[in-house]
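This document starts with one chain, in the form predicted on its own, laid out as structure tokens.
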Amino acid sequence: MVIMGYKLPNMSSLLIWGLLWEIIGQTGLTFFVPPLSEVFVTLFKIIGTPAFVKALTETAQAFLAGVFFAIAIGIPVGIFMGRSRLLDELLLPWVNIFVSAPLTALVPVLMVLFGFGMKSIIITTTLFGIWIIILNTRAGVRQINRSLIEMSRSFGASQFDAFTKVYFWAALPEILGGVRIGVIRAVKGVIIGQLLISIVGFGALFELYASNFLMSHFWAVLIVLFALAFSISEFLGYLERRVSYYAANRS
């Protein structure tokens, strides 16, 4: 389905899974999976409550701050790694380690170093999102046609000009791809931080509803979280497709 030039994802699979969820919930096979209709009724009941609004605000603040630092640090580091062989050899092994490592294991260390407040949650969110941004940015820079860089130098471009007007824009498709994946990972990071470091935001709601076996409430909050992550991912994917023509200039 296409609306205003934007191709919407195929919703048929979601409808099938939603119908299957409703059938399983109505049969009462397990208390853990309530009917989807009940989940949506609960969602509309809690979505305007002060507790939900507070949780959404706290989660959004930590998430946006973490994503900001992941992007602000990850993109420049990735560009420098793509430009410098020495820096690439020094940092790439560590970046690969953190991409594949279970970052949840670092949470206790962050709690010791930075305490139990919002700072640790933001750092956790940043750590979950930054590494894939660095890798994708590095990959984009390494694919840039050398003639673009040589041309910028012949026109007297400074290092800063080359950084902002050549490397960044030529690698933009890969950068956006990394940001899209990094944002999804950051959603995981902020919830882990709010569950393990300080029970606030959506983490507090998950803890409250799970401990009291309010599964329709639990799934309602989870659906909101999934919907937000999916919407952000689709928007960034749309931007990635819109700027993909930059890649043609590198060949």
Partner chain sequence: MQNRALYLKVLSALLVFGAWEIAGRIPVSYAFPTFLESMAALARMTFDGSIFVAYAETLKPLVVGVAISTFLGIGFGLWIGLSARFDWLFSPIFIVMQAAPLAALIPLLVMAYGIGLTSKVFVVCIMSMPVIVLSTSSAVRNTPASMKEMAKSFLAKDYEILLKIIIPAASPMIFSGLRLGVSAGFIGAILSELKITPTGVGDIISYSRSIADYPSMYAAIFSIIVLAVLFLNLLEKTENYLFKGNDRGYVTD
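Quantities reported herein were computed from a predicted structural model and do not represent experimental measurements. Positions refer to the first chain, counted from 1.
The next section is about a form of this same protein that is not shown, the form predicted in complex with the partner chain.
*Asks:* Would K188 count as a contact of the partner chain in the predicted bound form, using a 4.5 angstroms cut-off between non-hydrogen atoms?
*Replies:* Close contact exists here: in the predicted bound form, K188 approaches the partner chain to within 4.5 Å, heavy atoms only.
*Asks:* Would V243 count as touching the partner chain in the predicted bound form under a 4.5 Å heavy atom rule?
*Replies:* No.
*Asks:* Looking at the partner-bound form in the predicted bound form, is V166 within 4.5 Å of the partner chain by any heavy atom?
*Replies:* No, V166 stays farther than 4.5 Å from the partner chain in the predicted bound form.
*Asks:* With the partner left out here, check for me: in the predicted bound form, does some heavy atom of L14 sit within 4.5 Å of the partner chain?
*Replies:* Contact check for L14: yes, within 4.5 Å of the partner chain in the predicted bound form.
*Asks:* In the predicted bound form, which of 135-143, 103-111, 119-127, 167-175 comes within 4.5 Å of the partner chain (heavy atoms)?
*Replies:* Among the listed stretches, the partner-contacting one is 103-111.
*Asks:* Among L19, L29 and L43, does every residue place a heavy atom within 4.5 Å of the partner chain in the predicted bound form?
*Replies:* The answer is no: none of the three residues contacts the partner (heavy atom, 4.5 Å cut-off).
*Asks:* Identify, from the list I184, V200, V39, L56, the residue with a heavy atom within 4.5 Å of the partner chain in the predicted bound form.
*Replies:* Checking each option against the partner chain in the predicted bound form, the one that comes within 4.5 Å is I184.
*Asks:* What residues of 70-92, in sequence order, lie within 4.5 Å of the partner chain in the predicted bound form by heavy atom?
*Replies:* Those in contact are R85, L86, E89, L90.
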